[in-house]
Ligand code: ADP
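The data below hold one chain only, encoded as structure tokens and taken in the form predicted on its own.
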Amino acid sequence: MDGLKSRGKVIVIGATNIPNSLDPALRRPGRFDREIELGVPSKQGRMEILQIHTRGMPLAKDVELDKIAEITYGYVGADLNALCKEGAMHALRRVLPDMEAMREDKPIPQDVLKKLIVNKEDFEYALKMVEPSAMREVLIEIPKVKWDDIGGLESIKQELKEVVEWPLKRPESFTKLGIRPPVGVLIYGPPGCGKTLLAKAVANESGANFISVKGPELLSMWVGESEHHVRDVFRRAKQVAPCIIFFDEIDALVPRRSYGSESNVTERVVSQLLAEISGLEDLHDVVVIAATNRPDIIDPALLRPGRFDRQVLVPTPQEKSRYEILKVHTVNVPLTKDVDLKKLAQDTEGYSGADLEALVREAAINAMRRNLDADIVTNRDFAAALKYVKPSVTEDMNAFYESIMKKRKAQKIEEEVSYTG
């Protein structure tokens, strides 16, 4: 390519999907001078690709290509091509019985041809069949949890909407006011109070891609592998933005540096995560959510503005919230008229959301103990369940979680902390 003899009028074009595996000697001026990255298409790009692949396709009036382009985050050109083909095949299967009834030597009648129209249902079916290539390694099913499935916690729901939904759905509002949206939110509180459930709901309601990371799974015994996994998660999220990264049990991944650790693996992971969240490269349309029940051992550097801007405490529910939670968990449970959910909410002081779910389940099982063919749950069943299911969160634990961030801001965290969850 750049020897003693001139190359003449010859241009060399190379293509690869693993550029980092190429010899570095090829990737310098004089050889491959220009490197052009064909990334995952944006919404506008997806719209144009869909228009190309459907220009010869008879589409029904209910097919809105702009809506399809909006929800196909992470789809590359080949995926969108397959999506259109799958939609057309589904429409063909619908008309196939009428075509098989005809003889092969006769042309297809016009009334049958008119039925060959690709409609909205065909594309909905195709979306279930074709997965986005750019999300294949990290693709998980978007949770089906909605805000209505979470009882109470109205102020916390609103705070999560401000941090997660608003930047993804209304970015122009932030631009008008000349501010940057928050980057991350830390959800903390006693075990069983709905931290993970809130993250699932916000992922579903925002309509963005969702990458779920369980804290310990990124850690590796090999030097450099843990940091590589962190980098890979953020690289993938940037490719398929808008995206939500959810770190569950983040305390296992980023404990305070030099906190009871003989190796420096976690220190390197903390440094890598700090660099990814607020380094030189901005996170465009990527929101980081983390959940933990040990906020006291998280590295303080993560809790400053610009990283986890918001720290949201999810406490044990108050009486009004307990009533809403009980309503959610008994929506499919047949109850007798003597079951008073408001009275139950009063009697369950200190119960977490998980405790209330266990209470309803135990009451239903108690009804089955009396009669295996039981089709209704009575107040007596709930009374028996109350004796069996006790609150899992103590007053001391509640006080600990309420005071932890105040101590953190005052820099008064003691080195020795007792385990509370």
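Numbering starts at 1 and runs along the sequence shown. Nothing here was measured: the structure is a model prediction, and the numbers come from that model.
Below, we turn to the form predicted together with the ligand, even though it does not appear here.
The contact residue chosen from 345, 83, 153, 208 relative to the ligand in the predicted complex is 153, the criterion being a non-hydrogen atom within 4.5 angstroms. Only one of 197, 313, 335, 275 lies close to the ligand in the predicted complex, with a heavy atom inside 4.5 Å, and it is 197.
The ligand is not shown here, but in the predicted complex it comes within 4.5 Å of a heavy atom of residue 329. Of the heavy atoms in residue 191, some are within 4.5 Å of the ligand in the predicted complex. Although the partner is absent here, residue 364 lies well away from the ligand in the predicted complex, with no heavy atom inside 4.5 Å. Using a 4.5 Å cutoff between non-hydrogen atoms, residue 41 does not count as a contact of the ligand in the predicted complex. With the ligand left out of view, the stretch that reaches within 4.5 Å of it through heavy atoms in the predicted complex is, among 59-67, 41-49, 370-378, 348-356, 348-356.
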